[in-house]
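Have a look below at one chain only, the form predicted alone, in structure tokens format.
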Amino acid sequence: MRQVVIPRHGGPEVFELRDAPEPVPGDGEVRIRVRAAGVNFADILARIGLYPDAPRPPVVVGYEVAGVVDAVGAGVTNPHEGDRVIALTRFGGYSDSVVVPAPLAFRFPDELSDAEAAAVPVTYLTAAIALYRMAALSSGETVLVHNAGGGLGIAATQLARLRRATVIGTASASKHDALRSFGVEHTIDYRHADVEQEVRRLTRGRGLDVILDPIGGPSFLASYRMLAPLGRLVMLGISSMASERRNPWLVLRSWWGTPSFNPFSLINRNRGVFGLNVGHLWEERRALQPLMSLLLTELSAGRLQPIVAKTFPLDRAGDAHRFIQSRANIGKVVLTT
């Protein structure tokens, strides 16, 4: 099989396409012939050496794939050979063949292309956990989605709209028309506007019920200040640390700018702060299964629609990373085999 390997930490040019032995599924596992793999910010942080969960190089990153089951291990009754599935992978997704535990592979609606399907597992599951489980979003509430033009931001917008919530999204001005077409009611150009001031204006000083923040560093504190009474902040990542290569200044600024939340402030202000790393939930299958089933039902009904910004061949993984880091994408970036 073919894999894209990170042989050492560095810029997007470090990726190498290599051949490796075909994996064999063990008991309770399935092998998937990968047709598309999602690209996430965690992959970028792993490439530059800032993702603590990633194995040391050489390593193959990738948390999600779409493809066809072509072999099953002993004891597997579902899915079957020939099924089109999406799957959660703990690394290894940048390959044309992967083996995963059978419970982490899910048949997806025929209406979705392989690239669209690969855009689902991490972003939609993360957004669903954040909004539906942690924040318990309800109708009529107002949600701020930072980086609303990315794959996660669009997934969160669609899921929030299903709950009849009002969505405010931050993004560069060039993305605002697209965001409004996805259901974002109010857009804020974070590059030129004061986000906190705009939120105060839009909410008439009350603040926000839910905020999804994948930026990290000082952004977490700014988000906390924007919460209304009973507001909930979900911290999803630290993209502010990422550059093409490891940048000690960015890392230090993000690290020192990350706030510590005082319990007495949380109590007296009636606010909640959550942290979410879906990569640490692979063993919580009983909790993930209902949410994934809900997502697949909504996808099949057409009430959710993955947006793919651009696809790249597997051997151009470096270009895919550059594209994401240019902040040009509207939607998910996907590798195809």
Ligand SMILES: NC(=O)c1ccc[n+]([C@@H]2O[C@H](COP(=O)([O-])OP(=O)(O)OC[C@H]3O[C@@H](n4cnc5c(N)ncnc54)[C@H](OP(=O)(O)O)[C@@H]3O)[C@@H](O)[C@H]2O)c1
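Everything numeric here is computed off the predicted structure, so don't read it as measured data. In case it trips you up, residue 1 is the first one in the sequence shown, and so on.
The same protein also exists as the form predicted together with the named molecule; that form is not shown, yet it is the one meant from here on.
Checklist entry - Would the named molecule in the model of the complex be within 4.5 angstroms of a non-hydrogen atom of every residue among 214, 239 and 276? => result Every residue of the candidate spot has a heavy atom within 4.5 Å of the named molecule in the model of the complex.
Next on the checklist: Which is the contacting stretch out of 18-26, 323-331, 310-318, 5-13, given heavy atoms within 4.5 Å of the named molecule in the model of the complex?
Outcome noted: After filtering at 4.5 Å, what remains is 323-331.
Item to check | One residue of 117, 105, 156, 122 in contact with the named molecule, assessed in the model of the complex (non-hydrogen atom, 4.5 angstroms) | outcome: By the 4.5 Å criterion, the partner-contacting residue is 122.
Checklist entry - 132, 190, 261, 224: which sits within 4.5 Å of the named molecule in the model of the complex by any heavy atom? => result The residue from 132, 190, 261, 224 that makes the contact is 190.
Item to check | Heavy atom of residue 199 within 4.5 Å of the named molecule in the model of the complex | outcome: No - in the model of the complex, heavy atoms of residue 199 and the named molecule never come within 4.5 Å of each other.
Checklist entry - Does the named molecule get within 4.5 angstroms of any non-hydrogen atom of residue 172 in the model of the complex? => result Although the named molecule is absent here, residue 172 would touch it in the model of the complex, with heavy atoms inside 4.5 Å.
Checklist entry - With the partner left out of view, is residue 167 within 4.5 angstroms of the named molecule in the model of the complex by any non-hydrogen atom? => result Because no heavy atom of residue 167 falls inside 4.5 Å of the named molecule in the model of the complex, the answer is no.
Checklist entry - Looking in the model of the complex, any heavy atom of residue 147 within 4.5 Å of the named molecule? => result Contact check for residue 147: yes, within 4.5 Å of the named molecule in the model of the complex.
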